[in-house]
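Two versions of one and the same chain are coming, encoded as C-alpha cells; call them structure 1 and structure 2.
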Structure 1
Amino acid sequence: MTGVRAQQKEKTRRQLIDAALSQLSAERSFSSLSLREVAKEAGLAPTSFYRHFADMDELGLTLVDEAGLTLRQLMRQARQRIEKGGSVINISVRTFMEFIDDNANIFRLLLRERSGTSAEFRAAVSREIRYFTLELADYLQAANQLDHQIAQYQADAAVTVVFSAGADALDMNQAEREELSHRTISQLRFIARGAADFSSRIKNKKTT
C-alpha cells in the first residue's frame, strides 16, 4: 500500500513545509516568501512545487493547520502540569512562554496571518484560536462552576491577553519577559476575579 512512490512524495512534501517554516523569522513573514525561495530551500526546482501544492496559499493553510496542532499540544502540556498541582494561572503563563520560545516562528505565523490579507487565512487562524478558547472555556466552567457565557467570555479575554503577551515577548530579553509574565499573571487574575464575581451574582439572582 505505502508504495515507494507515495512515501517519497510525502517526504518531499514535508521538506517543502519545513523549508517554509524554517524561513519564517522576525524579519520574514510567510506572505513575503516566494514560491521559488521555498522550493530552493527544499532542494527542488521551482516548478516541482506544483506537484505538492496548487500555490503558496495552500502551503500556508497547511502551516496554519500545523500551528493549530502545536497549540493543542500546548494546551495538553499545560493541563498535565496543572494536574500535578500549583497555581493554574502561573503554570499556564509559564507554559505559554516556553511555547513561544520553542515555536516562535509558528506563533508569529498565527499572529500575522490573523490580521493578514487573505480572508481564508484569517478564517483558518480564527478557527484554531477558537478551538483553543473553547477548550479553555469548558475547563473554566467545570473547574470554577461558572455561568456558561461568563466562562466563554473569560476564556476569550484570557486567550486574548496571553496571546498579546506572547506577541510582546517575541521582541524581549529574559529580564523583560519576567516582568511581562508578572503583568500577565496579574491581568489573568483580574479577569478571573471579575468573572467569578459576576457569575456568582447571576447564580444568586437565579436562586432567589
Structure 2
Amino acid sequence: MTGVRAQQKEKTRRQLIDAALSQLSAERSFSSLSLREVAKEAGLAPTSFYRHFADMDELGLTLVDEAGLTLRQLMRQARQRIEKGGSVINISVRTFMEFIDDNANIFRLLLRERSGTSAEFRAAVSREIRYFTLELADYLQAANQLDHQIAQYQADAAVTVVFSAGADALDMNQAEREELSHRTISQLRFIARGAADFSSRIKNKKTT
C-alpha cells in the first residue's frame, strides 16, 4: 500500500510540474503564475498543492533543477550521436536546436530566471549552467587532449554562444533557425581552433 501511495504522490507532483511548464510561454513568465492557476491546470484542488510544495518558489526551484537535468541529458544524447560518427560541433548544435523545439518553455524559464528578480532563482540557474559547463569542459579536455584551463575557457565560450543562439531561435521560423545554426557552428569552430592552438602552445612551453 505504501508503494502505491508513493507512486500516486509522485504522479500528482509530476502533474503540478507539468501544469506549471505548460503555462509558460513567450508572453508568460513563471513569476506571473499563481498557485491556483497551476493547481487548476493540474486538475487538483489548491490545498493539494501544499502536500507537494511549500509554495510557488519551491515549485519554481524544482523546475530550474529539472531544466538543468534536461540540459545534462541533452549533452549525453549528443555524445551518443557523436559516437556513431559525424562532426562534434555540427551534431551538438543540431541537438541543441532540437532541444529548443521540444523544450521551449524549459529554456525560457532558464533565460528569464537567470536575470530575474529572485536572488535564489538566479543562484539556482547559475548553478545548473555551471554544472552543464563543467561537464562540457571535462568532455572537451578528454576528447581533444586540451589543457584543463583551456578546456574550461572553451566550454564557457561555447555555452555563452549556444545560449545566445537558443534565445534568438525561440522567435525564429525554420529557415531563420537553419541560418542561425550554420552561423553558430562556424562560431564554435573558431572557438575550438583557438582553444586547440592555445593548448598546443602551453604543451610546447612545458616541454622546452
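Just so we're on the same page, residue numbers count up from 1 along structure 1's sequence. Superpose the two forms; the largest set of C-alphas matching within 1.5 Å is the rigid core. The model shown is predicted, which means the values in this text are computed figures rather than measured ones.
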Could you point me to the form predicted together with the DNA, 1 or 2? 1
When the two forms are laid on each other by their rigid core, does T12 show a Cα shift of 2 Å or more between the two structures? yes
